[in-house]
Ligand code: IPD
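Shown next as C-alpha cells: one chain only, the form predicted on its own.
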Amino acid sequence: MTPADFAALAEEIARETGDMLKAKRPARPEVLQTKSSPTDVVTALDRAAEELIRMRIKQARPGDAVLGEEGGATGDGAVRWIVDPIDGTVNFLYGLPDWAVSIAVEVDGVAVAGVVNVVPRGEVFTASLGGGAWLAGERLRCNTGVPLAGALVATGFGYIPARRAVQAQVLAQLVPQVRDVRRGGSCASDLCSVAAGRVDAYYERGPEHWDYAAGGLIATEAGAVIGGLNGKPANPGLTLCASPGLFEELHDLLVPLDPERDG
C-alpha cells in the first residue's frame, strides 16, 4: 500500500470510530478508571473505541502491529498503527469540543499516514508522507515568518501535581515573551491547529507517541517542524512544533527553563 492508501484506510476507520463515539457519548460519560493520577481518566468509550479501531485494522491488515493508548503494543509487523482512541478524554468527559480520534501509520518506524478526527467540530485532518496535509479538500500550510514575540502558542499540562507546578513556572516565563497562550486539551488537535495556522506553535511536556504521531505528520506535511529539545525527536520529555525559525526561537527560550523536570 502507498502512503495515500494507508491514509485513506486510516481516515475511514477514524470517521467510523468518531461516529460511534458521537452516537454513544452520554451526557456525562462514566469514568472507568484513572491512570497516572485521579484526574487522568479513562472512560468505557475509550476502550470501546480502541477495540473498534483494532478490529477494523485486523480485518483490513491482519499482519500489522498496533500501538494503542489503552491496549498497548501488539504484533511485530513492519507496518505499525499508532492509535489514540480519544485524545482529550477530559474534554470528552465534560462535553468540550477539543477531543479527537487519532490514527497514524508507520512503516519501518517512519510515519507515512496520519488522521485526526476532531469529532465535535466535524473536522477530519489527514496527511500522507510527501502528499501534504489536508482538511475538507484544502491543503494546509502552517504560519511562517512569525517572530516569537508575535506567536500564539498552544500548550498543555500534565496530571501529576509536581509536574504541573513546573509547567506553571515555565509558562510564567513564556507568557511575557509571546503574543498569547492557548490550552485546548488535546495534543493531536493542537498539532493540527499548527498545521492549519490557527496557532503558531505548540509545546508540551508529557505527550506520548500516540498523542503526537498523527498530528505530527499532519503538521510537518504543512511545513512545520516537530521535535524535542537539543536535537531529540518528539518525545514525552518535551514535544515542540512550529514553523522553521519560530521552532528555534521557542526552543532556545525553553531550554534554560529546564521544562523536562518534574519538580
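Residue numbers here begin at 1 and follow the sequence given. Keep in mind that what you see is a predicted model, and the values were worked out from it rather than measured.
The discussion below concerns the form predicted together with the named molecule, not included here.
With a 4.5 Å heavy atom cut-off, would you call Ser102 a contact of the named molecule in the predicted complex?
No, Ser102 sits far enough from the named molecule in the predicted complex that none of its heavy atoms falls within 4.5 Å.
Answer yes if any heavy atom of Ser186 is within 4.5 Å of a heavy atom of the named molecule in the predicted complex; otherwise answer no.
Ser186: yes, in contact with the named molecule in the predicted complex.
Report whether the minimum heavy atom distance between Asp64 and the named molecule in the predicted complex is within 4.5 Å.
No, no contact at 4.5 Å.
Residue contact check: Pro97 to the named molecule in the predicted complex, 4.5 Å heavy atom:
Looking in the predicted complex, residue contacts with the named molecule do not include Pro97, since no heavy atom lies within 4.5 Å.
Thinking of the named molecule in the predicted complex, which stretch from 168-176, 146-154, 107-115, 80-88 has heavy atoms inside 4.5 Å of it?
This holds for exactly one stretch, 80-88.
Counting only non-hydrogen atoms and a 4.5 Å cut-off, give the residues of 68-82 close to the named molecule in the predicted complex.
Stretch hits: a single one, Glu69.
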